[in-house]
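What follows is a single chain, given as structure tokens, in the form predicted alone.
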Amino acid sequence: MRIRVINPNTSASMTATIEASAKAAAAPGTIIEAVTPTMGPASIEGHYDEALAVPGVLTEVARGVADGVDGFVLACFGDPGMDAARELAAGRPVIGIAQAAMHLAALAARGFAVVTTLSRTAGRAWDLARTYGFADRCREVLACEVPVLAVDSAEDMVADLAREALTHDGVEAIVLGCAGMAEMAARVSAKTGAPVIDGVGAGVGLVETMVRNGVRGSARGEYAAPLPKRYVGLLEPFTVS
């Protein structure tokens, strides 16, 4: 099985961190291919960044389909371009790390909190919780106010916020709200005594489960292939024939 893990930003060092976490979570025999888009923002810290990350994500999905990979993980907590990626994936599973982490957190506990990077991204986390059906399970979103590209140095702050969240009514598990936090999940869990879910590992596991059970993504309705259409200007390479 080959899973392509796409880092939607253009930071190669973050891709390396994501790749290590994905490989650690993968089952024996699963090949992890972590990729960095050639276009897009250096980090994703708001709606503008997220919108401009999508063309790079879609390019990597198209390349993965051409290369014959079995599924994709989108390794940014905003799950940028996930629905569009599913249109391109021709039935291959496409899992965003926020969706994956929230599903696992709901299996682990009645309620969870998200610990994220900057407070300006908290609204997106709340939006996704509602979209994915976890509005009643997501009890809190807390931000450590550390930029995405520096989050690997913020483990103590993440652990402190996780402890704070666990004092709130109904919070019994923690979701890490950034792919750059992936490698600290086990340590933060040990420090807090609570389940801590990393979406990168969760995403890899869900793609593996879908592929092994023969569950393909839908290629009908909204997730049917994009309609043939000409795109112009900078988007001309995305023309569908």
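Just so you know, these numbers come straight off a predicted model, no measurement behind them. Don't overthink the numbering: it's just position in the shown sequence, from 1.
One more form of this protein, predicted together with a further copy of the same chain, exists but is not displayed; see below.
Mapping the unseen interface onto this chain, G193 counts among the residues with a heavy atom inside 4.5 Å of a further copy of the same chain in the predicted bound form. Using a 4.5 angstroms limit between non-hydrogen atoms, L118 touches a further copy of the same chain in the predicted bound form. a further copy of the same chain in the predicted bound form is approached by D127, whose closest heavy atom lies within 4.5 angstroms of it.
Interface membership of A66, defined by any non-hydrogen atom within 4.5 Å of a further copy of the same chain in the predicted bound form, is ruled out.
Out of the listed residues A154, C138, L88, L161, L88 is the one that sits within 4.5 Å of a further copy of the same chain in the predicted bound form by at least one heavy atom.
In the predicted bound form, the residues of 213-235 lying within 4.5 Å of a further copy of the same chain by at least one heavy atom are, in order, N213, V215, R216, G217, S218, R220, G221, E222, Y223, A224, A225, P226, L227, K229, R230, Y231, V232, G233, L234, L235.
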